[in-house]
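First, one chain by itself in structure tokens, the form predicted alone.
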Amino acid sequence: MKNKYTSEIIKEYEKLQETAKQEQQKRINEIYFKIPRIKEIDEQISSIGFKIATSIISKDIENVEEYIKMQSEKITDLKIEKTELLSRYGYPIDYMEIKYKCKKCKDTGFTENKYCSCFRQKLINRYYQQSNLRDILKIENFDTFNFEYYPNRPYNNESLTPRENIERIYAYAVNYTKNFDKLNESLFFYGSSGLGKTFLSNCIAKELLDKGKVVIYQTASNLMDIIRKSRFEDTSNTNELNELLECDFLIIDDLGTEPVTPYSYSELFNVINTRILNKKKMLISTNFHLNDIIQNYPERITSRILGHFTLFKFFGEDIRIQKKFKK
């Protein structure tokens, strides 16, 4: 997937460079038409440069250094005249120069054999678009996470208060994104609805996307729909399925909303198992409790979740209901 995006962006830069050259030529033609003397100056500068080069190669000049100095002074005088003419006619002195979108890399995408910051930003923008999370992450991220919805008092038979529990999960999530490349673990969020599982999943997604990671978010039901279409309705196009298997981080939200069929279970297992084998990390969230998962899913799926995911239980009072009462 990264190679596909990289190739697309390189083609974009090629178009940018071509457009920049075309626009420059338009400006040059405009100036030559309005100020013919500038065309003469450019031709003289070009001619002098050619004479300097040929004189060095032919070695016909006795004092080459003195000759080059004299000709260079002529070029300088011509450039000064050109600048004065542009200013007199109300043009910026750099009007005839090529204009790049990025001055650092000159629309090549590279500086010192490394990706320019503009290239990296283009990649990140594509990852955001691919993730299905572009708009929601503007309002759901670590900076906007609100601990006030989690009471700091005992809750049922839990050893931690809801506030202490979510603070622990939040801290773990922050550390997870900071050390993403060093870790080889996936996350499993479970607990009743309205407790911030999806919100915190989005927080993690934003941090990873901003680091240039390929993140894809899908609900479990959408995931099954994508796989079914790829397998049966459009078998010639498997890109979307491959992206689910190959992206840096896959978020499967609302596990339990997918169709309850042997086919769905089989495909879910294939996605989870393939990513585990390829050491690709995931985050799965569900409104089910662990007992529900064990009772409703085949053993080969539950064994992968219990054996390869770090589990986090969410508990407390439904945040959606709290927000309604506040309104």
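Nothing here was measured: the structure is a model prediction, and the numbers come from that model. Start at 1 and count along the sequence shown; that's the residue number.
Same protein, other form: the form predicted together with a small molecule, not shown, and the subject of what follows.
*Asks:* Just one of E207, D248, E140, D107 has a heavy atom within 4.5 Å of the small molecule in the model of the complex. Which one?
*Replies:* Answer to the contact question: E140.
*Asks:* State the residue from N156, Q129, N175, T144 whose non-hydrogen atoms include one within 4.5 Å of the small molecule in the model of the complex.
*Replies:* Checked against the cut-off, the match is T144.
*Asks:* Give a yes or no on whether every one of T19, K26 and K99 sits within 4.5 angstroms of the small molecule in the model of the complex by heavy atom.
*Replies:* No, the whole trio is out of contact, none within 4.5 Å by any heavy atom.
*Asks:* Would I319 sit within 4.5 Å of the small molecule in the model of the complex, counting heavy atoms only?
*Replies:* Because a heavy atom of I319 falls inside 4.5 Å of the small molecule in the model of the complex, the answer is yes.
*Asks:* Can you tell me whether P151 touches the small molecule? I mean in the model of the complex, with a 4.5 angstroms heavy atom cut-off.
*Replies:* Result no; P151 lies far from the small molecule in the model of the complex.
*Asks:* Though only this chain appears here, would T198 touch the small molecule in the model of the complex if you measure heavy atom gaps against 4.5 Å?
*Replies:* Judged by the heavy-atom cut-off of 4.5 Å, T198 is in contact with the small molecule in the model of the complex.
*Asks:* Heavy atom to heavy atom, is G256 within 4.5 Å of the small molecule in the model of the complex?
*Replies:* Residue-level check for G256: no, no contact with the small molecule.
*Asks:* Any idea which of 108-116, 76-84, 198-206, 91-99 reaches within 4.5 Å of the small molecule in the model of the complex, heavy atoms considered?
*Replies:* The contacting stretch is 198-206.
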